[in-house]
Every structure is written in C-alpha cells, then in structure tokens.
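Take a look at this single chain, the form predicted on its own, given in structure tokens.
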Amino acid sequence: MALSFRGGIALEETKKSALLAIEAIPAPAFAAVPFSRKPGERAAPVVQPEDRVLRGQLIAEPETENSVPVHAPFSGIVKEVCTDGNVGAIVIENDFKNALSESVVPFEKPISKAEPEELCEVIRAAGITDLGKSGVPLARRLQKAQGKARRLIINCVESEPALSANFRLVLEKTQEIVNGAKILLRATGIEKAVFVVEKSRQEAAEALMALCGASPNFKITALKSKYPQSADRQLTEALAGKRLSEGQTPLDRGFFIIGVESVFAVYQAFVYGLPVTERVLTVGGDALERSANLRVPIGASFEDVIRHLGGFVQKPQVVLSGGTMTGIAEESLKAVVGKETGAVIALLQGAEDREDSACIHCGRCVKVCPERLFPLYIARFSDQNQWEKTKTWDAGLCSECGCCTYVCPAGIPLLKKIRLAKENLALPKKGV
C-alpha cells in the first residue's frame, strides 16, 4: 500500500509532457540574470557594463547567508546592471561562442576522501539552492543537517497536475542522480538515502531500482499520487506516519529532504565543475502550440521559452510561473527564468475567472486542507481586514497549496484571500 498523508486532493492526470524527453532551447540573444529577488536573498554584482563574461563565470557574490553566487549562463557582454528596489538583474548579450570560464573545473579529489566541509564549499560556490522551492542555499542546509539527519530523502514527486520535468530527469539522468545522492551522503554524514516516487510513476521507480535497488544504502519508496504530496511537510507525514506540529521541520524527524533537480545540480558541480546556469522546467498549458520539458538558461525570458514552442494558439488569460495550483501569475512575458522557476504554464482561463458566490458552509475546504486549517474563517476575516483574527485561525501555517480554492463549490478564491492575510500579518505595525 502506497504511503500518504491526511487531506489533499486527487487531481486529474494532465501530464502529457511526461512522455516527452528533455530538450534544450537555443540560447537567447539576451539573458537578464537575477541576482536579487527579495531582501533576504541579495547578491552584489562583480561585473560592470561592457565587461566580457564567460559561461559559468561568477557575476554576483552573495551578500546574505540566504543568498548564493550567481553565474553567467553563456559568454557575452554585460549590457546593463539593473536594480529596482529589492529586485536586480544583470543583462548579458550573447556572443554565441559559448566560451567556458577557466573557473569551471571538476572536483579532482575522490569523494570518499573529501571532508564534508570541502564538499559543502563546492556546493556553495556552484550557487545550488532548493531549486524550484525556497531558494535557500543548499550548502547552508547541509551544514545544519550534519549530525542531526538520519535519512537523506530524495524527493522525485511532482504532485502538481501539469509538471513532469523531475520525472524526466529521473528517467534520463538516473546514474547521475544516484551519484549525486552519494555525494550528498558524504556531505551530511548520513548512511542511507530514500528515493520517494509517486506510485503512478512506476518507470521512475524501476529505473532507480535497476541501479541501486541492491545497495543497502539506498531504498525506493512509493507514495500515493495525491496533491500536495511533494511538499516537505506532507512528505514527512507520509513517511513518518505522523504530521509535523507547528514549528517543526522534517529535520526534527531526522529527514533531510532535497529535490531531484538539486541532486542533479550537485552531480554536475563535482563531475564537470558547472555552477547552476540553467533549469529544467515543464512548459505547458492549453494556450500553447505544444508542451515540452525544456533545459533553459537562467535569465531567458518567458517570451524566449514560448517562442521556442511555436507561440500561442490563442492569447492566454494568464501565464503562470509554476504549476496550475501554486503558480504565480506574471504580468508580462518579459519575466525571466530563475533558479526557483519550475514551470511556465499558459492558460486560456485562469482559476480565478470563476464567478464566486456566498460560502455555503459545506466544509470541503476544511476536509482537504493538509494543514488542518479552517480556510473559510481565515478568508472571512481577511475580507473584513481583521488580520489579527486571521492569525488566531493560524493563517500563517497555510502552505498555499490551493486545495481549498480548487474544491470550493461557491468559487471563492480562498487562497487569494489567505495570501492577502499573510501579507498583511507580515507588515510592520504602524504608529508604534
């Protein structure tokens, strides 16, 4: 029997792109490489306009412990260093030579003879984060896990209905991912790794089993195909059989959870010396000419990505950065692919286009909430701008999975209202 968690929803399977091999888009003429996204994740540019840069060259150094080094995705000329408040980007014009920086060199020492701190430093210098998730530097997480984590959990699950990039990575880069996991075991001092896959993705489990199924250091575990199974808290509940309480993290249960895309990035950093300069992401939606799993340079625009796929069949109502359940609507196709971008989804109709009516108190939102919250009450007090009351109903614990909005028969945009409450709770108090 596949493991799972309480709550959540079974979503209709729409992963047609799961059958499509990863393809690389041609490098665009320009890339706007983000070096600052928000206050706690700032980096300082080390290049200036008209500087020539090479692929993999350091172009921005981290300024805070929550930021990572930033590297050029291809060779070319720096045209602009843009800053707008907390957001910054370095614009590079491609020279189409793809010349590699001399700093890109493999790690020569045998992994078994390297100290954990040496391995963490390589991971830090490569700019590896929780790709597609929080953006927290992986090296920092590894250091916190040393001596505390008992199991390395390789998260191969994609519970969002339209995403398939991780699945394709497992199928096409199985050996690389297993070797990346071995590096991480050494870096953390953990003895055993568990690959968690969805039960509906039997091909991924078989590929992993063929390579490491006989090893005492590896285990493959199947989880029920349910949303949001890939979230760290729900993954921990499924594996441990008990949910995390408020304030607890997977590490409190001895689990160090890492996404498969970050494991692959670790492999590339050690074997080829490559920093993170590209992302593998799913691009899809009913507004697109075709769907695909693409390898895209960091800093490429959504417009570049969509043009590669033949453009739109019809003008979309919304273009999401991320999946259909948790993605953020982008105002312009000038938005760029960053390390946290896991998907680009273009839809003819947005989820919030439904007409909403009054709450009928059916309780469906409560039943599906994986965090055991009461979304209807949080939304009600959010409508009334009573932010402290939304806090009383634990708005801050919302993982923003969107299950409540999805099942609401009244069409109420519950997640939108809860996000508004969380934003206002984070604001400093005025007049104090």
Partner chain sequence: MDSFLVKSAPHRHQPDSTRTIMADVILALVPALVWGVYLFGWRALLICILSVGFCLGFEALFQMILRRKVTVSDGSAVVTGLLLAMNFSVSVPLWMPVVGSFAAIVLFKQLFGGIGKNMLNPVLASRACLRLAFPAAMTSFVEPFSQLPVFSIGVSEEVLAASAGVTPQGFLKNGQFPTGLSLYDLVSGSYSGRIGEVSALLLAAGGLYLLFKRVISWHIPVGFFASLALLCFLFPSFGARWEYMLWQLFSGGLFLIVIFMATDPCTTPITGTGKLLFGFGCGLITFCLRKTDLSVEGAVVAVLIMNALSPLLDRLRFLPKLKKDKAPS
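Residue numbers count along the first chain shown, from 1. Everything quoted here is computed from the prediction, not taken from an experiment. Note that the rigid core is defined as the largest set of C-alphas that superpose within 1.5 Å between two forms.
There is another form of this protein, the form predicted in complex with its partner chain, and it is not shown here; the text below is about that form.
For the options Cys212, Val104, Leu333, Ala292, the residue carrying a heavy atom within 4.5 angstroms of its partner chain in the predicted complex is Leu333. In the predicted complex, its partner chain sits within 4.5 Å of a heavy atom belonging to Thr392. Heavy atoms of Arg364 reach within 4.5 Å of its partner chain in the predicted complex, making it an interface residue. Although the partner is absent here, Ile25 lies well away from its partner chain in the predicted complex, with no heavy atom inside 4.5 Å. Its partner chain is not drawn, but in the predicted complex it has no heavy atom within 4.5 Å of Ala222. Annotated contact segment (heavy atom within 4.5 Å of its partner chain in the predicted complex): 313 to 321, selected among 292 to 300, 313 to 321, 70 to 78, 214 to 222. Residues of 392 to 410 placing a heavy atom within 4.5 Å of its partner chain in the predicted complex, in sequence order: Thr392, Trp393, Asp394, Gly402, Thr405, Tyr406, Val407, Cys408, Pro409, Ala410. Core-superposed comparison between this form and the one not shown: the CA of Ser399 stays below a 2 Å shift.
With the core held fixed, Glu388 shows a CA shift of 2 Å or greater between this form and the one not shown.
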